[in-house]
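Below sits a lone chain in C-alpha cells, taken as the form predicted alone.
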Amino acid sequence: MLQIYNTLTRKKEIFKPKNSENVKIYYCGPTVYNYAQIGNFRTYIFEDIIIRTLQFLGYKTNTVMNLTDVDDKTIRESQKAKMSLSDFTKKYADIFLTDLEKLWIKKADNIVPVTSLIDEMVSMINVLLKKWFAYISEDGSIYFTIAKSQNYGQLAHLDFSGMKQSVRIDNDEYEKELASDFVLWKAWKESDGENYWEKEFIFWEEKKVLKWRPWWHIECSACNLKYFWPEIDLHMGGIDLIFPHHQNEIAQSEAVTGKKFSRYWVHSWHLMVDGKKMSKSLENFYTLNDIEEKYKNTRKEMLFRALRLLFINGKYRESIDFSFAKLEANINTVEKIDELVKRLAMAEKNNKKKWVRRDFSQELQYFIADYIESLEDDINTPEALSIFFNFISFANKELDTKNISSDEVKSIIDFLKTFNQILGIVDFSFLEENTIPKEIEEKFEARNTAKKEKNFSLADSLRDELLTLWYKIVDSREGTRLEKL
C-alpha cells in the first residue's frame, strides 16, 4: 500500500485518492523566460517518478501542468529581446518541452499557458470580491485579505507572532516574515507596455473595468479550477514553492470553492552543486545545454539517462548534490546497463533452449516484490535502485553460467522492462534487429576468419578499418558481435 509524506500534515500517510480511476494531479511548470536549469529538472524528474509509480500501481492519473507566460520576468526579458510576449514565451516553452523529452519525462496530459486562463482568473477574483476575501487598492490592483482565510499558513507552518506586518505584497517571492495581503490582479504600469488585459470587476455592486495583468498565485488556482473543480488529489512541486506560492494557492482556491483544495502535497528538496547552492554568481548554474556542450563527445541519449539516474539516486525529501564527477560515474553505470541489454540481445538470438527453472523464477519474484515495497515506502528511489542493480548483477551472473535458456533470457528482459516503467533509464533499442550493410558484414566475417587462422595482422587491420566506418567489434562470452558507433 502506497505511503507518501504529506507536507500539509508533516507525516507519512497512506495514499487514498477520491477516485483511483481518476487521480487528479497538478504540478507547477516553469516560468518560460529562459532555459530551465538542472535544479528545475531534479523536481520534474521526481514528479515523473511519482506519476509513473502511481500508474505502475494501477491508478489512472489525470495530470495538469501550467506554463507561466506572463509575469515581471517574462515581460522584462521579452522587451529586452524586442519580441512580443507571446513569441518570446513560446520560444522558451518549446525548448522546455524538448528538454522534458531528452530526460524521458512524461508530459502532463494538459500543459496550459496561463495566458489562456484570463477569463477563469477574472471569474475567481469576482467571487473573492463578492465574498469579501479581496479588495481593490488605491492604485487599482486587487489584493487577497489573508486575515479572512481561516487556515492561512497551515501548509508553510507559519507563526504569525513576531512577523513584520506589511500592508501588502506584490512581489513574486517573499519571506515568511513578510506574510501579508498578496496581489491577485496587478494594476498596469507604463513599464508593462502592451502587456495588459482590460476586464470587468464587480465591487459593492459597482462594475469597474480595470487595466491589468494577472499575478503569479492566481494563475495556478485558475488552472486547477478549470480542469479539476473543486478538489484535487495531489499537488507537487519544489520545496521553494511551499511559501508563498502554494500557501497562497490554498487560500484563494478554498475561499472560492469552500472545499479543501488538495488532499496531499508532495515537495522535492534542493539540488546542490559541489555542496553549494546553485547560483549564477558562483558560476555553478547549469542548463541542459551547458551539460551537452561539456560532454559533446558523449552520446546525448546516454548523457541524459545518466543525469536522470543521478537525480533519482537520492531521496526526493533530501537535498542531493550534483558534480561532474558524479555525472561521469553515472555515465559509466548507464554503459554497464546497456552492455547487459546487448548481452541479452545476443543470448536471445543464439539460445534455443526452452525451460524456466523454478528457483530462477522465484528469484525474479523476490526482486520485483522488494522493488514494489521500496516504492510504496514514500517513493524510496535509492532503495529501488539498489534492488534494480542487484537484479543487473543477477542477470549477468546467469548469462555467465551458459546454462540459461531462451525463455529465461526473455523473462529477464521482461523484468527489466518492468523495472524501467518507473526508472526510465534503460535503452531497449539494442534488442532491435539492426540491418548491417553487406560490405560491413563481409569485412566482419573476413576479420573473424583471419582471427581463426591466427592471421592477427590482417584481423587487426580489418578491425581498424571497421572502426573508421563507425562499427566496433565486441568479443564477449556470448560470442563476437558488431556494434554501430
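The first residue of the shown sequence is 1; numbering continues from there. Given the structure is predicted, the values throughout are model-derived calculations rather than measurements.
This protein has a second form, the form predicted in complex with a small molecule, left out of what is shown; the following refers to that one.
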If you check in the predicted bound form, is L271 within 4.5 Å of the small molecule, heavy atoms only? yes
Do M278 and the small molecule come within 4.5 Å of each other in the predicted bound form, heavy atoms counted? yes
Going by a heavy atom distance of 4.5 Å, is G238 a contact of the small molecule in the predicted bound form? yes
So, P30 and the small molecule: in the predicted bound form, are they within 4.5 Å at any heavy atom pair? yes
Heavy atom within 4.5 Å of the small molecule in the predicted bound form: which of F419, F444, Y44, Y59? Y44
Quick one: which of 225-233, 263-271, 80-88, 364-372 gets within 4.5 Å of the small molecule in the predicted bound form, going by heavy atoms? 263-271
